[in-house]
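This document opens with one chain alone, in structure tokens, the form predicted on its own.
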Amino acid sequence: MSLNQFKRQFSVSNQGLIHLNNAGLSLTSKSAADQVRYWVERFQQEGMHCNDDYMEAAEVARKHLAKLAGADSKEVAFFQSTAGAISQVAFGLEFKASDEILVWDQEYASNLYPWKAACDRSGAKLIRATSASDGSTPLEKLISCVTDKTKLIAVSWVQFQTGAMTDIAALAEFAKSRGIWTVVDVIQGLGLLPFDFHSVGVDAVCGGSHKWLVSPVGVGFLILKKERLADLKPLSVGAMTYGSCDDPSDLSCLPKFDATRFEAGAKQVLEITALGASCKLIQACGVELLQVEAYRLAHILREGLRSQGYVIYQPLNFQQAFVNFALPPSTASDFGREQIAHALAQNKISYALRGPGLRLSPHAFNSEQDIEFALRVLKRS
């Protein structure tokens, strides 16, 4: 699939909306939307007569997600959200009061609160590693916080404010030699950046459907190493924990031997099949091609903002599809963050208030015209 074919998946009547908060909520691809409509119609017309078909379709979606992430489908479990997947690990593991859990100081709430709650419940200690002064997350600063009490390290692969990245492959190699769990939130990278679960070597990754995976809100996922399955206790338990919904009850039954043991009952079929369709679409185009285009558009936006006197907040010598910007403090009193946000909203440009400034995040489906329009809106003279 060519880049133009990918972009046409998003060529819909949008009432003049400009979508530049794709690190928040991206557009849904036509392929994903078609799946939702297809299954709504079948459920409406067929009911139980399509039961086997929808269950098979959910498994096909699981395979598409696994292939995109470089994992085995038996390592993939679906949840309602990224936070749900993270919580399964945080509360499914047993921690002691002597344990430490290590995170970055700039983690998004959904990758902070579950670990804090796990520490509160167990008495373990939450350690927050300090990011570099430019917002980057160098591995050596994280490793410097590791002690002989460190039980688990939980980080975002890509940070939500500026796109700062952690070298998770090197982290996994370091942690494995010390028996430390590694759990990575990949929601701000998967679908836009090349990723291979088996090559990276972390114990678990968690993510969701609605950002760079161009799917509807409502699906989270956990990808877990097979050898770690038995270490996690399922938080939700139902018929599907042990077998299928048609199996007779048996109190001597054992949980499944793959990641579906964490899926207690009925699945959100519309959202899961939509996610599978978008994963297939992304693979057909190629993640690398999408990354190059999103980075190109972000570069145009970043340099255009610089030329207009804005300050760009990002790690030094760093490129990403995230553009966090603001005016210098000396001029911000005349046209501050709230005024910039108002101008964007008035012109139907999606954005996010993040960290020191405002964040814009173009995807590969955006156009240069989108970027040029945003720059015209943000021009102050």
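The model shown is predicted, which means the values in this text are computed figures rather than measured ones. We number the residues from 1 along the sequence you see.
The next section is about a form of this same protein that is not shown, the form predicted together with a small molecule.
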{"item": "Selected contact from Ser131, Ser122, Ser81, Thr260, since only one has a non-hydrogen atom within 4.5 angstroms of the small molecule in the model of the complex", "value": "Ser81"}
{"item": "Interface residue in the model of the complex among Ile187, Val214, Ala274, Ile153, criterion: non-hydrogen atom within 4.5 angstroms of the small molecule", "value": "Ile187"}
{"item": "Partner proximity in the model of the complex: Ser110 to the small molecule, non-hydrogen atom cutoff 4.5 Å", "value": "yes"}
{"item": "Partner contact for Trp115 in the model of the complex: the small molecule, 4.5 angstroms, heavy atom", "value": "no"}
{"item": "Any non-hydrogen atom of Phe160 within 4.5 angstroms of the small molecule in the model of the complex", "value": "yes"}
{"item": "Segment that reaches the small molecule in the model of the complex - one of 67-75, 163-171, 301-309, 82-90, heavy atoms within 4.5 Å", "value": "82-90"}
